[in-house]
Ligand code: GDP
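There is one chain below, alone, in structure tokens, taken in the form predicted on its own.
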Amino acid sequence: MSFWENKSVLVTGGAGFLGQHMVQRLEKMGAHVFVPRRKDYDLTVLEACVQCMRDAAPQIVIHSAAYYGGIWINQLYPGKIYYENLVMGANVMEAARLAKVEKFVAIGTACSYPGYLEGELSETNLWDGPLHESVVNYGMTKKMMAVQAMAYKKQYNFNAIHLILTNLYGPGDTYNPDRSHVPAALIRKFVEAKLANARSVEVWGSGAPIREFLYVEDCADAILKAAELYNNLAPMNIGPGKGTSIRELAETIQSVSGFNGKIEWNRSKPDGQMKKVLNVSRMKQILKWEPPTSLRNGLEKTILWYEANKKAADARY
């Protein structure tokens, strides 16, 4: 019998990019999954969160709902991003506490790390400095869930864990230019260039910066493993632990998509931090797990899915 069989699980954001993959896995493992929708439960309102907990009666809550986007969305709606994420996190955790759930899994972000640290980021670096100005309004709200969990553990003996995710890609992602992140944006560019028989694709920067990219299905597996095995207030990084240059990412997408033109690097655009990779030694030690999907294999699956679902994927906001 699996840990999840007959477990009652509430997954906020369960219809979203990451959430849908967790829900599919939970259902296959025999869990009873409740996914709140905004039209029924506005998670920015505490009373709605309390009602949601009454209706779902969960043993475990996975809070993955978030309002976020790319640089453009952060520039347009910094206040909305800050308010909705801060209040959602506080309300969902408070309602879970009132409902006496067994475990709360907070889904955090690498945006919560100090914005000017480079190299490998360990969980102990989380409070080593200010966040990058471009994401402070989002990253800080997720960081506050870790503070709330510490306070609730001290006063109420509330059981919560905080998982810090790296950059995700995969089927079901957002490919709208206003909200997409680097892998999805590049996939759309190269697929469309191939369809148009274009001669070149422009990519910003030099290609030298190093980031890491985690296939979404692997991430869903890691979260569910952590929910089962991890019981510590110290945050846990979730990622491949291996950096990939933007140049390698773009060239791999070019190869997998079958685009035969040139990549034109627009060096007038900034590169940003040169290296940002999460140290995942805690993840490996506790979960006895590493992401099984290579970057190329993950991109192959993602591009096949995108080509088959392009119209709907482009329209998803």
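So that there is no doubt, residue numbering starts at 1 and follows the sequence shown. Quick caveat: nothing in here was measured; it's all calculated off a predicted structure. Take the two forms, superpose them, and find the largest set of C-alpha atoms that agree within 1.5 Å; that set is the rigid core.
The following text describes the form predicted in complex with guanosine-5'-diphosphate (GDP), which does not appear among the structures shown.
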Checklist entry - Should Val182 be classed as touching guanosine-5'-diphosphate (GDP) in the predicted complex when contacts are defined as heavy atoms within 4.5 Å? => result yes
Next on the checklist: Quick check on Tyr152: any heavy atom within 4.5 Å of guanosine-5'-diphosphate (GDP) in the predicted complex?
Outcome noted: no
Checklist entry - Any chance Lys276 has a heavy atom within 4.5 Å of guanosine-5'-diphosphate (GDP) in the predicted complex? => result yes
Checklist entry - Should Tyr77 be counted as a contact of guanosine-5'-diphosphate (GDP) in the predicted complex, where contact means heavy atoms within 4.5 Å? => result no
Checklist entry - So which stretch, 81-89, 123-131, 232-240, 200-208, is the one near guanosine-5'-diphosphate (GDP) in the predicted complex (non-hydrogen atoms, 4.5 Å)? => result 200-208
Checklist entry - All three of Val135, Lys189 and Asp271 touching guanosine-5'-diphosphate (GDP) in the predicted complex at 4.5 Å, heavy atom to heavy atom? => result yes
Next on the checklist: If the cut-off is 4.5 angstroms on heavy atoms, which of these, Ala220, Ala226, Ala193, Ile246, is the one near guanosine-5'-diphosphate (GDP) in the predicted complex?
Outcome noted: Ile246
Next on the checklist: Just to be sure I understand the contacts: of Asn167, Gln148, Thr174, Ser112, which is the one whose heavy atoms reach within 4.5 angstroms of guanosine-5'-diphosphate (GDP) in the predicted complex?
Outcome noted: Asn167
Item to check | Cα displacement of Pro114 between the shown form and the other one reaching 2 Å, rigid core superposed | outcome: no
Item to check | C-alpha of Ala234 moved at least 2 Å between the shown form and the other one on rigid core | outcome: no
Item to check | Core-aligned C-alpha movement of Asn176 between the shown form and the other one reaching 2 Å | outcome: no
